[in-house]
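Coming up, as structure tokens: structure 1 and structure 2, two forms of one and the same protein chain.
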Structure 1
Amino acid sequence: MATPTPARLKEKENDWTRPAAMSIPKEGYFTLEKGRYGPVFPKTPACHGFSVVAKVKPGKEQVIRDYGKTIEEAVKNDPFVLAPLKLHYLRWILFDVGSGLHFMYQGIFDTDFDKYLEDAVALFIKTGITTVFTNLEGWPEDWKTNLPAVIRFFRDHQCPSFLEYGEYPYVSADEVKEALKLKAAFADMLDLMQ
């Protein structure tokens, strides 16, 4: 039997056919590794992502809800408008636990934290769509020109997860789309054979 190569061992470790879970320490990482803007968080079975919780500025609930419609319309007009972010999923939640309205942003994506934030700011500047975060307390007024302040906001408001699960772990959004294209092509081929 041949000795497995490092590439084959890594492939087996990230086997998408076997669901995987990862328990993450309170700090959000196993070993402190510095990125461009702070700690590098590990890629998990759910890929990369983060959850941000921040208090909503008074009177901004409807503005935030309307902003959801803005994103819906932008994606309807250009299905690839958010493509630079390499997103899998986004979830936005408004909630009040007695201390005022809060907003939770949960995103799962394929790039690391630093790249995601750089790409997000660039995307909003390019498209002219103002970010929903302008409605949150502590968001820097000069966010378009002050990336360090944006990074600081996200680091200050991030709530690292302590468990992440993937039914098809470590698979990128592009890989999922390619697999679905292959499935559709195969189904079309089978239809032609009948």
Structure 2
Amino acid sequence: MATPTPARLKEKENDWTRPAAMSIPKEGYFTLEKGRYGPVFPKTPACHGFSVVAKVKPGKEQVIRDYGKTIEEAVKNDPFVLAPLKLHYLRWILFDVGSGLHFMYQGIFDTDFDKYLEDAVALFIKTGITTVFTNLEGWPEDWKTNLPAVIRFFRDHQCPSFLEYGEYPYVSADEVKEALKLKAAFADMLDLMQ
């Protein structure tokens, strides 16, 4: 059963109670807004996102697959290791549709792609995610000392969505966590009232 919508929320922009879909032009944005490294991609009902697709160097499939386990272990050891990325979800996919093996790094997160790109790259280096990228075609050889080239790689291999949907649109991961904390706090309060 649908939760009744409080009247106050109905009039608000980005109303989380109303599922929303957004179709996006081919460029990935509606109007050109310049970011530090290129066009800024808009926030959609599915928050911000990032779908980087690149071809895998021959014979490197297993190296990349093995890195999935490495990231699993890293997060197990430090659950907040990826916190700076402000992620909701991360999906790594390997696929071949006849033009060779490709890797897709898809992330749903709450920060603007352009704004925190350097922090993301720093984290990729710290956690070794760059090892995955070094097995992709087009990755700059001098990535350790050439941040602009690394950022250009992500920009060049980003495939913007043309449709995004959110069941609870525009809600950030922090807001979800706050709501769940509040729910737990209320449950504790009710327990104490017994």
Partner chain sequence: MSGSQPSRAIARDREKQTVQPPVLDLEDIQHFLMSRPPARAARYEFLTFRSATGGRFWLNGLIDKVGTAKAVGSGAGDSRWITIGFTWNGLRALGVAEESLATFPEEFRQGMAGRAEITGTTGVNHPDHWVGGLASPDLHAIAILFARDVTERERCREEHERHVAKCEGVELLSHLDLEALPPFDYAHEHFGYRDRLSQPVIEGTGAEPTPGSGPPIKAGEFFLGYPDEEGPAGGLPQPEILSRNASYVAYLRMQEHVSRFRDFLQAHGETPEQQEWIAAKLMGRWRSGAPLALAPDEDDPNLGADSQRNNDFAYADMDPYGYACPLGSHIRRMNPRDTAVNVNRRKMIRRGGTYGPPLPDDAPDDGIERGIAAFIGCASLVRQFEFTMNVWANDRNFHELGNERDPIFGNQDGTLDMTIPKRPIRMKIGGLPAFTTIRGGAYFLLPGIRALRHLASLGDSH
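Not measured: the values here are computed from a predicted model. Superpose the two forms; the largest set of C-alphas matching within 1.5 Å is the rigid core. One-based numbering along structure 1's sequence throughout.
In this pair, the copy labelled structure 2 belongs to the form predicted together with its partner chain.
A movement of the C-alpha atom of residue 185 reaching 2 angstroms or beyond is seen between the two structures when the two forms are aligned on their rigid core.
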